[in-house]
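Just one chain is shown here, as structure tokens, and it is the form predicted alone.
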């Protein structure tokens, strides 16, 4: 690659950007720029990561002009949604221009006949979900940040969520994209035709590309029928093995839950204190399960799951009888992050994915890694698809704590690879995981990624410093 210009933003470019978006949609004051120098990751604040300017386009025409300017001047351009990512994917590590897409936030179409929706990248996931449910349809991907995360960010990271076990992740719903390439060219990929093998699958090339290959300006997603009913169960077990085996038996029996969330002892004790609820003293693990579908089937399926739980020595079984009770059970899971964070001064949350059968082994390894480095690691995640979120608890102000945490994080990633898993289930690679990308994909795999990047972004302006060096 020719490389980007990391010097201060040229005055000529600054003036040209202001002419495109106007003064009310451009930030260049230091305090404003600081807000766009970090995301939801645990990465320390670095002055060099402050963008030179932040711009807020309102349509694809403005995006095209901004991208062309940055490419002509070889200035880094970092697309950004809500900044809720956990791996540093939207941090401008080389300064330059942050292209905030939060004002391109229109739901352009809900096509009920074809069961599809067309949205701009700044639409919040929650807003799309509620809009389509109002007309009897359903958009299943539900990242935990869905109240703030945007569709563009979800596509860039291939976000998942609790419902992935039954319904899949973002890539399973994206049918087409409008993308602005690094040279300012606009391409449209995919479309409303359900079957489409015309040329390479460019749509899914951009899904999960973390803004390194193009700027997504429109997203076409498929929708499904809204489930008729739902039932929620909270199951407590005396061991993590019993909880994992219960999930395996449930799936083997033909019952595919909408969600199957697993929590270890540290996590459930944390949320019990946080929410001021009682849990059995012998509980070492918990499963929070949603089953959905026709109402006539749910009671039988809930009964079958309850029986499986008892066969695996469940110490407590709770079945929500009302939607309010179900919501209360889910509050336990959705407050897991802050509950665990309250245990220690710092919480370093990670994201790994392993085969379902490897869950007990992986959780045991996480415990060993924590003990080795004198750290507590709380574990929760999506048992149905093997996606775990180990949270390392520490006080990073203590001498040597950062080094111990860094060593533990590296061992967590390597352990995931050793049991047949991967570095990320839904948070992407960004900055935090790129040192391990070659271990995961091999030299030739990374070489292939580089070749794609160079073909689409020869000057390396799009979100530089992410995924690989």
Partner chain sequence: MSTPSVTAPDAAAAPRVTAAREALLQRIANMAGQCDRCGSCLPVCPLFEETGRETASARGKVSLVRGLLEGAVSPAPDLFARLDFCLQCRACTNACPSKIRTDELVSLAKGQLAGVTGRPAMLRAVDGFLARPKLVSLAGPLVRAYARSAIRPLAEKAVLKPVLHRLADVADLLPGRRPFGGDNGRPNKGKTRSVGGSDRARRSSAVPSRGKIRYLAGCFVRLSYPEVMRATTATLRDAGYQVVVVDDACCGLPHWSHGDLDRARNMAASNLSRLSGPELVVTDCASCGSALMDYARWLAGSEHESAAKSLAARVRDVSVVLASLEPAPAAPPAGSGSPEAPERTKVTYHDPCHLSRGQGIKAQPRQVLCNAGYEVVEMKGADVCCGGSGTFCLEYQSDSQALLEKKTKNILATGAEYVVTSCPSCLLQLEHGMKLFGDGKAVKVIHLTEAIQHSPVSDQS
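The structure presented is a predicted model; accordingly, all values stated were derived computationally and were not measured. Superpose the two forms; the largest set of C-alphas matching within 1.5 Å is the rigid core. Numbering follows the first chain given and starts at 1.
This protein has a second form, the form predicted in complex with the partner chain, left out of what is shown; the following refers to that one.
Participant: With the cut-off set at 4.5 Å between non-hydrogen atoms, does residue 417 touch the partner chain in the predicted complex?
Facilitator: Result no; residue 417 lies far from the partner chain in the predicted complex.
Participant: Does the 4.5 Å heavy atom contact test between residue 102 and the partner chain in the predicted complex come out positive?
Facilitator: Heavy-atom contact with the partner chain at 4.5 Å: present for residue 102.
Participant: Can you tell me if residue 83 lies within 4.5 angstroms of the partner chain in the predicted complex, counting non-hydrogen atoms only?
Facilitator: Answer yes; at least one heavy atom of residue 83 falls within 4.5 Å of the partner chain in the predicted complex.
Participant: Any of the heavy atoms of residue 439 lying within 4.5 Å of the partner chain in the predicted complex?
Facilitator: Answer no; every heavy atom of residue 439 is more than 4.5 Å from the partner chain in the predicted complex.
Participant: Pick from 124, 218, 333, 382: which residue has any heavy atom within 4.5 angstroms of the partner chain in the predicted complex?
Facilitator: The residue from 124, 218, 333, 382 that makes the contact is 124.
Participant: Would you kindly say which of 310, 364, 275, 371 lies with a heavy atom within 4.5 Å of the partner chain in the predicted complex?
Facilitator: The residue in contact is 275.
Participant: Counting only non-hydrogen atoms, choose the one of 130-138, 152-160, 83-91, 314-322 that falls within 4.5 Å of the partner chain in the predicted complex.
Facilitator: Among the listed stretches, the partner-contacting one is 83-91.
Participant: Out of 343-372, which residues reach within 4.5 Å of the partner chain in the predicted complex, heavy atoms considered?
Facilitator: In sequence order, 344, 345, 346, 347 come within 4.5 Å of the partner.
Participant: Relative to the superposed rigid core, does residue 46 relocate between the shown form and the other one - that is, does its Cα move 2 Å or more?
Facilitator: Where the cores coincide, residue 46 still shows a C-alpha shift between the shown form and the other one that is 2 Å or more.
Participant: Inspect the rigid-core superposition and answer whether the C-alpha of residue 298 shifts by 2 angstroms or more between the shown form and the other one.
Facilitator: No, shifts by less than 2 Å.
Participant: Superpose the two forms on their rigid core, then report whether the C-alpha of residue 342 is displaced by 2 angstroms or more between the shown form and the other one.
Facilitator: Yes, the C-alpha position differs by at least 2 Å between the shown form and the other one.
Participant: Pin down for me whether the residue 48-residue 148 Cα distance shrinks or grows in the predicted complex relative to this form (closer or farther, change of 3 Å or more).
Facilitator: Closer is correct, given that in the predicted complex the C-alpha spacing of residue 48 to residue 148 is reduced by at least 3 Å.
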